[in-house]
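In the block that follows, a single chain appears as structure tokens, in the form predicted on its own.
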Amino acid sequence: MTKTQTVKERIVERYSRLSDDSRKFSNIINKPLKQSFRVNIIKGEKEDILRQMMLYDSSIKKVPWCENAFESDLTNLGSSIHHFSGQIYIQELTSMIPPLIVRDLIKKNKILDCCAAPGSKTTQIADMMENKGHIIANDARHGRIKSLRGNLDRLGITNTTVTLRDFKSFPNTKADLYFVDAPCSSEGTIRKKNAVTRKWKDYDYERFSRMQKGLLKKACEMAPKGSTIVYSTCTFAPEENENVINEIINEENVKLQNINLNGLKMKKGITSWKQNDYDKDVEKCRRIWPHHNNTDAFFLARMEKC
């Protein structure tokens, strides 16, 4: 990144060749995102909550690939009574995807959310479980546990146990489903007003990659045979995405599974980056590009323990 380059320009320069349309990719990351939210059915009937909201917000539109997701032209939903009462949860659309790709495994199962704070996916999973079953929501940072607990309380969630621990030293815990939404460079959130502005260096990607691999390796090691592990990030960087998955599937007894979500355009994982070639199976991972669905960027991998 040169002294005169903006963060967005650096992202375009680094990743446009990976996208299928560099012009659309460059244009979309300079446009702001609409505010998106989920209706929390634990706190009421979806139709009733939406009817109340539409009395003052006629711009609300349903998201076609998620039955409980909506967009609004308003920017102040965080100050609404529906937010304060826990009837809605403000959440980026791409952040809602990981639970949706394993919706067949969600209900009545035991779930471990390895990096849970501030609770976006945890609360979404609890909603999909109808507040039944059991979720263990863990995070390594004490400062973020408060927001996690606050969101669980606000949304009326009672099926979740909160733990504070570095997941790499977490006690071996059997579950049906593990979510590893790993800390990352967050490049994919570049369209947000408060998007990351620091100047990333190659060693930053390498540092995140080591941490992500440690977290995912721990989940794969403790997972019982037949259980499912979902790995996700909100970054473009192959170092934190395909590279991590490639190393894990070559070291751990797991296999990648196909991912599909009706109505959402997704691209396959890449199999080469710079001087590195990856296992062809890495194509089963999915990339969400901002210009395909007018969203943030996201990366997903679904694995089964063998």
Partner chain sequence: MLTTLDLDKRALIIDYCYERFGIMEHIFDNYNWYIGSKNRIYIGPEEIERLIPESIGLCIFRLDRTPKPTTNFIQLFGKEITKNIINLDRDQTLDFCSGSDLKITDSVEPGFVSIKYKNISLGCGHWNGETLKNQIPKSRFCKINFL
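This is a predicted model, so every value here is computed, not measured. Numbering follows the first chain given and starts at 1.
The same protein also exists as the form predicted together with the partner chain; that form is not shown, yet it is the one meant from here on.
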* To do: Counting only non-hydrogen atoms, choose the one of 116-124, 180-188, 207-215, 158-166 that falls within 4.5 Å of the partner chain in the predicted bound form.
  => 158-166
* **Contact test in the predicted bound form: Thr173 vs the partner chain, heavy atoms, 4.5 Å** => yes
* Please run the contact check for Leu105 against the partner chain in the predicted bound form: heavy atoms, 4.5 angstroms, yes or no? => no
* Asked: Taking 4.5 angstroms as the cut-off for heavy atoms, does Gly226 touch the partner chain in the predicted bound form?
  -> no
* Asked: Does Leu152 reach the partner chain in the predicted bound form if we count a contact as any heavy atom within 4.5 Å?
  -> yes
* Asked: Tell me, which of Asn68, Gln52, Gln257, Ser26 has a heavy atom within 4.5 angstroms of the partner chain in the predicted bound form?
  -> Gln52
* Asked: Of Ile270, Ile42, Val63, Leu261, which one comes within 4.5 Å of the partner chain in the predicted bound form, counting heavy atoms only?
  -> Ile42
* Enumerate the residues of 56-82 that have a non-hydrogen atom within 4.5 Å of the partner chain in the predicted bound form, in sequence order, or give none. => Tyr56, Leu74, Asn76, Gly78, Ser79, Ser80, Ile81, His82
